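Quick heads-up: it's one chain on its own, the form predicted on its own, in structure tokens.
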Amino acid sequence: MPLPRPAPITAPGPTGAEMLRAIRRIRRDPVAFLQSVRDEHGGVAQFPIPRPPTYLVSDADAVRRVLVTNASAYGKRTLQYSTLALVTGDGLLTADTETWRPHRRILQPAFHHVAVAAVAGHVARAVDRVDRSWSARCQASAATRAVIDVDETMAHLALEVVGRALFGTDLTGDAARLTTATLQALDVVVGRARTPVSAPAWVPTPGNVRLGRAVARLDAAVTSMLAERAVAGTEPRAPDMLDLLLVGGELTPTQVRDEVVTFIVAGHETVAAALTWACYLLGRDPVAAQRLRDEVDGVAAGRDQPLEVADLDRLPYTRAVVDETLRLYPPAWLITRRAREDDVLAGVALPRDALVIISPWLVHHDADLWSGPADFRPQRFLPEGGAPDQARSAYLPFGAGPRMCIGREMALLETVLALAGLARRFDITPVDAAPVRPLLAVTVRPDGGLRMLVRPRL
């Protein structure tokens, strides 16, 4: 069998020998490796990979060209999305343009501002459930406090909101199994994406068996939702995403399944990660935590009812905390695209069929764009904070351009209201001073969960 012809070299980058020596580092800390490539070779660097020609693009203007101004020249036919599709199928997250565009049109009404506003009630209900659970655990302790895995809690909270808001379904009883299934499936996906040669999905390797079981759990949840909807179909209620997927028979049963699983997985992972990291960052910054509590207390003073959409404009610092959390820990830390045609990025010729790797993590930690990029500074997202325009244009927690996450506004509303609702009721502080290692998988989550000390506020 002839060896693949080498790709044309159009940009500086590491040599093959350097890549081999860095294999352990790439697996242990991929973002640090990508950072070193950018630092040494610039904003557009090429890896020594025969086919396809592979580029790391971290120059902010070049990133914007790929995702926004010339987005039609780039597709999602990449290894990253094909392996993720083993879980989600050909849903909005993984679909290439031909499938994505009509599905986006069908689903867009589910994220109209009226539908987004309705999320506030679902968040309030989920926060009440967390309140009851955490309060009971604190009351059972002589010290009236408890050590809680905040990561696990936020995953269940976000899944509950997604289930009610998008599918009209109560997923709380199945939350533990579904979040476990999601994480197990995504772990296998990451392992396959990092392995040059993987066994076909039908081969019963340990990883494929875990993947099959996890996907079966997600499929069972979809089957249950559809059965519930068939029984309740004529009841008067506001239409939700499930209605949009089922109306008119435009989508096949497989396509409906793929979109539902996509939003079960992606719809709760992003919010859960944001809430978890926000708690972590606030726990390490008592001044920021107190400022957030003061803001929330001022908005909620004298009220028994939960926070609502109308309160968002009065929670600018809470929103800034969420924005800064998403800058420091962008849930989707890696984005890939395949060039449909020749292009030029930051003066570098990019051939048709090239693979483009973009890391929002690198862009969000670029010292040329952000002052003190590793520091937690929520005030940079306030009017007086003055995040420079070029930095704001390179802010990518939900992607950018036409393929920006359809649920962006819903996710932000949910995260701000949930964080404020929990801060209103609990003090959440670190168990110890040890930093938490981020696990860079499909999303960015704390390695081993996030144990924090929870105490009801007096």
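As the structure is a prediction and not an experimental result, all values here were calculated from the model. Start at 1 and count along the sequence shown; that's the residue number.
There is another form of this protein, the form predicted together with a small molecule, and it is not shown here; the text below is about that form.
Participant: Heavy atoms within 4.5 Å of the small molecule in the predicted complex: does residue 130 have any?
Facilitator: Contact check for residue 130: no, nothing within 4.5 Å of the small molecule in the predicted complex.
Participant: Does the small molecule come within 4.5 Å of any heavy atom of residue 337 in the predicted complex?
Facilitator: Taking the distances in the predicted complex, the answer for residue 337 is yes, it comes within 4.5 Å of the small molecule.
Participant: Taking the small molecule as it sits in the predicted complex, is residue 217 near enough to touch it, meaning that at least one heavy atom pair lies within 4.5 angstroms?
Facilitator: Contact check for residue 217: no, nothing within 4.5 Å of the small molecule in the predicted complex.
Participant: Find out whether any non-hydrogen atom of residue 65 is located within 4.5 angstroms of the small molecule in the predicted complex, and reply yes or no.
Facilitator: Answer no; every heavy atom of residue 65 is more than 4.5 Å from the small molecule in the predicted complex.
Participant: So which of 391, 404, 49, 428 gets a non-hydrogen atom within 4.5 Å of the small molecule in the predicted complex?
Facilitator: Spelling it out, the residue with a heavy atom inside the cut-off is 404.
Participant: Name the single residue among 92, 221, 188, 242 that comes within 4.5 Å of the small molecule in the predicted complex, judging by heavy atoms.
Facilitator: Of the candidates 92, 221, 188, 242, 92 is the one lying within 4.5 Å of the small molecule in the predicted complex.
Participant: Given the stretches 328 to 336, 120 to 128, 371 to 379, 144 to 152, which is the single one in contact with the small molecule in the predicted complex, using a heavy atom cutoff of 4.5 Å?
Facilitator: Of the stretches listed, the one contacting the partner is 328 to 336.
Participant: Is the small molecule close enough to 277, 317 and 424 in the predicted complex that each of the three has a heavy atom within 4.5 Å of it?
Facilitator: Not a single listed residue reaches the small molecule in the predicted complex, so no.
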